[in-house]
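Only one chain is given next, in structure tokens, and it is the form predicted on its own.
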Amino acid sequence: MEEKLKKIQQDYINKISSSKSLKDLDIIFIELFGKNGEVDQLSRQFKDLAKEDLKIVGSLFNLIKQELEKTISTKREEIKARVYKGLEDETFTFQHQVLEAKKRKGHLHPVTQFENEIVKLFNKLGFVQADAPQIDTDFNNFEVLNIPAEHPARDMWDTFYIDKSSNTQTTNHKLLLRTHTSNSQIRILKNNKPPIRMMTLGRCFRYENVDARHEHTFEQFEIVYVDKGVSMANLQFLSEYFFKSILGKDIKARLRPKYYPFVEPGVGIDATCVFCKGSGCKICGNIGWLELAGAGMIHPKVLEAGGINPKEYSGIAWGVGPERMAMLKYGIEDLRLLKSGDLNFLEKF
């Protein structure tokens, strides 16, 4: 096992060193740390090791993992610095740059452009836009969505709580930065009578490790559809309508069972991989599909909390991350670029 670890270490250090682009590094990152990557595969073998061997191998495994992560990060900064320097070298003189800057016209951010496109798509189906506060109570963000205090499902959301320095506050009155746009659901259900077709778009916050695919501050888009006879067939239709409109007419959607406490049943929604068109590649883990959205039938407890009779009405909650979708649509390699404020990047859109 030790020899295998050291071989992986040396092979991937060589790969990282010879990388020429951020895309190369993203592929290497997925090969190493993806769901079925080298690191994941190795860790699954630990259960077969004796305790004495596990102590040695486990320590070496962590050291090599940290070294590879650091090597990728260092190489990424090196490539970015080289690219930016090349751009600077190819520009005109400083005076010419000043003149060009004066002529520069602003435009909408690529994510804003994409979000406007999504809103128009669902406007065509009769969905109306609603909003909810970014700072909200624990009750609206969790409790009313069938996620009571101390429920294990809370581990799915690494939450930023706001310290009010009060020992008398109850759990459901704690303030937090919302972890999802689902805090709009209770407001939508309470303030509207079925049939309901509404959508929410806005910023959310989670205590995430920032990398090429994750941010602590991100956008979410969500729809709430409640009426008599709403079923999973409606969910399938809305998913394919969205994917085909955004990614191309040849894209299909499939539903897989997945747990979300505020829906029953819950599903992860996959789209045909846009890179290999379903044949299988490294990006999709050779399965031909990419998970892009989460959804399900609104839980009866959530409908009841909103004053709607679950025996008479059913509903769909369906959500997607606009930034990750924009990465696929525009061919963006690193999520962090979207909030970088880098004009060289933003002017491409």
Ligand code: PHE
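Please read these numbers as outputs of a predicted model, since none were measured by experiment. Quick note: we count residues from 1 along the sequence shown, nothing fancier.
Beyond what is shown, the protein has a form predicted in complex with the ligand; the following relates to that form.
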{"query": "Interface segment, criterion being heavy atoms within 4.5 Å of the ligand in the model of the complex, picked from 257-265, 207-215, 72-80, 125-133", "finding": "257-265"}
{"query": "Residue among 319, 34, 310, 288 with a heavy atom within 4.5 Å of the ligand in the model of the complex", "finding": "319"}
{"query": "Answer option from 139, 157, 160, 241, heavy atom within 4.5 Å of the ligand in the model of the complex", "finding": "157"}
{"query": "Any non-hydrogen atom of residue 178 within 4.5 angstroms of the ligand in the model of the complex", "finding": "no"}
{"query": "Any non-hydrogen atom of residue 306 within 4.5 angstroms of the ligand in the model of the complex", "finding": "no"}
{"query": "Interface membership of residue 236, the ligand in the model of the complex, 4.5 Å heavy atom rule", "finding": "no"}
{"query": "Any non-hydrogen atom of residue 295 within 4.5 angstroms of the ligand in the model of the complex", "finding": "yes"}
{"query": "Neighbours of the ligand in the model of the complex among 192-230 [non-hydrogen atom within 4.5 angstroms]", "finding": "206, 220, 222"}
